[in-house]
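Next up: a single chain in structure tokens, the form predicted alone.
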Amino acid sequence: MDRIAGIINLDHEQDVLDELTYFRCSAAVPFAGRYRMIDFAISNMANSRIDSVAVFARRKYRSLMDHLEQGKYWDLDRKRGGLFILPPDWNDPTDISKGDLQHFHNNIDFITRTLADYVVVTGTQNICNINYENVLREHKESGADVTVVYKKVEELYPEFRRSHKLDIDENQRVTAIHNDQHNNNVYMDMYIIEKNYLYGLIEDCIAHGCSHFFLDGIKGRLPDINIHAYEYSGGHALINSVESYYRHSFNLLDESEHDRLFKEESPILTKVKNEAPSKYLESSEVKNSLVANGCVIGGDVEDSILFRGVKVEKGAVIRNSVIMQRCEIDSNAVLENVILDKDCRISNGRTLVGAPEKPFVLAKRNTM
């Protein structure tokens, strides 16, 4: 059976979530009550029996390293293979590579030494639940050089403006990659490629002074290489702005949308905290909300998402808000259309109100 190695490439993912990415890269941003955005990428690989995963990180990755540790929560703490967090190596005086090709060049040993036959490369901003074994099967059947994954979306939300789109013929072969704002075939920033072919493309791109492997090594070689398109039809969220983060967070309050992303047969895994179940006091009233473990709730919570260890005192009101880990909401405080990052405290009687299209965001460890 063919084996797959995984690369999570964070090099070109911009920290565009404003206050939420002041102190962390976007891959480490908390999402869905108990997860980080990178959990979905790693879980997809773990559920696809990928046991060797590299993370190409360039900036603000301390929080990411703290979360991932040695990869044990994804069964990646192994003697052979496992999880590797790989910042760029600046110590090679002969290195002429640029952009994300620095990562590919300076960590080429990960590619050449892996026992895998194929490599999956993905980012973390496309949240999904995908099995790469199915992608590999279709890739081999098509005889393509590269298979890219796309989602045919029903509505082109603002977050798709910066996404690449695909023109696809009747045989699912990609004929063009562009930024047409009216094309519904959204490239999901993930592709699968044979290991030795990937190595050759990396060397050729560096020799020609390229700086972006996908744009120069794959997109820039159309129509000379055969690129196959694999259509992903499951739950999907592209998070590349505060507005998209806020909207997709609340989509999870719809049970059908939640179940499309979180599947029993392919669970999304994360770092385990072993906290007690949440406690609901007699004064509390909670409606249509997602509440993680370790919370103590004495106030009113409606249409909101509470992460682990949140404390809501009696008389406090929270509506349409995302409250991250260990925040404390004092009595008589009112929050509506708000995102609180970790370890914030809202004082007695304080009112914070944002707009549904522009939520109020408070950076971590702030008191108001």
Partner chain sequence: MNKECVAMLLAGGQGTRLKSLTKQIAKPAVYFGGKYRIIDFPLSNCTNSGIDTVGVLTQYEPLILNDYIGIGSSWDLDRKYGGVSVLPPYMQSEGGGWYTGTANAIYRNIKFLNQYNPEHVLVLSGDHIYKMDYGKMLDYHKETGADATISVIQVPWEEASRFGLMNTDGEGVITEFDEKPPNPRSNLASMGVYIFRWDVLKQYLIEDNQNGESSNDFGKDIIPALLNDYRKLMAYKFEGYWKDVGTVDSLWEANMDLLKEEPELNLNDYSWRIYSKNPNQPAQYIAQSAKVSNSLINEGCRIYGTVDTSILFYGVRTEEGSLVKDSVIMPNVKIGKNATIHRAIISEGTVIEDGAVIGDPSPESEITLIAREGTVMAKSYMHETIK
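Numbering follows the first chain given and starts at 1. Remember, it's a predicted structure, so these values are computed and weren't measured experimentally.
Omitted here: the form predicted together with its partner chain. The next part is about that form.
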Any idea which of 59-67, 302-310, 316-324, 330-338 reaches within 4.5 Å of its partner chain in the model of the complex, heavy atoms considered? 302-310
Would Tyr199 sit within 4.5 Å of its partner chain in the model of the complex, counting heavy atoms only? no
Using heavy atoms and a 4.5 Å limit, would one call Arg221 a contact residue for its partner chain in the model of the complex? no
Would Lys342 sit within 4.5 Å of its partner chain in the model of the complex, counting heavy atoms only? no
I'd like to know if Pro277 sits close to its partner chain in the model of the complex, meaning any non-hydrogen atom pair within 4.5 angstroms. yes
Though its partner chain is not shown, can you say which of Asn184, Asn179, Ser211, Asn293 has a heavy atom within 4.5 Å of it in the model of the complex? Asn293
Out of Ser241, Ser142, Ser97, Thr270, which one falls within 4.5 Å of its partner chain in the model of the complex, going by heavy atoms? Thr270
Within 4.5 Å of its partner chain in the model of the complex, do we find a heavy atom from each of Tyr35, Leu253 and Ser284? yes
At 4.5 Å, heavy atom to heavy atom, what parts of 215-234 sit next to its partner chain in the model of the complex? List them in sequence order, or say none. none
